[in-house]
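Coming up is one lone chain in structure tokens, specifically the form predicted alone.
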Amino acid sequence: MDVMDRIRDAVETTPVVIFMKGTPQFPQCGFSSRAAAALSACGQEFGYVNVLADPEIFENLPRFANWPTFPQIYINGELVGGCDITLELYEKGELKKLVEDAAAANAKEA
């Protein structure tokens, strides 16, 4: 599978996914750490892709949605943004609703 197809597959098949440096348990940068912590605080499961473990994704993800930095958070197949936007949404209480709605929609499909 081509790298862009692998990225698209992760975005389209996982209701909430973060492309980050490291893992939620062992983040490898402060931005990834804060964004993953905000997602975790929403109380729903989410997927992640460690871009450091996959050089092809690391190199090509910025082209996928024309977003140059990591982390990148996708909810229901749409780019939400990076760390700053995610934290802003969390502080406003909007991130929790987005994550809960994505989890509920996924549960209905299952």
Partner chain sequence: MTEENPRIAMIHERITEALKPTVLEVEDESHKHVGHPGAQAGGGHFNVLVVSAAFEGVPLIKRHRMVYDAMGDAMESEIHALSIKAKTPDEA
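Note that the structure is a prediction, hence the values are computed from the model and not measured. Positions refer to the first chain, counted from 1.
Another form, the form predicted in complex with its partner chain, is not on view; read the next lines as being about it.
28 is the sole member of 40, 76, 60, 28 with a non-hydrogen atom within 4.5 Å of its partner chain in the predicted complex. For the chain shown alone, residue 55 is not a contact residue for its partner chain in the predicted complex, no non-hydrogen atom being within 4.5 angstroms. For residue 9, no non-hydrogen atom is located within 4.5 Å of its partner chain in the predicted complex, even though that partner is not displayed. Interface residue remark: residue 88 is counted as part of the site for its partner chain in the predicted complex, having a heavy atom within 4.5 Å.
Not displayed here, its partner chain is approached by residue 84 to within 4.5 Å at the level of heavy atoms in the predicted complex. For the partner-free chain shown, 65, 66, 67, 68, 69, 79, 80, 81, 84, 85 of 61-86 come within 4.5 angstroms of its partner chain in the predicted complex, judged by any non-hydrogen atom.
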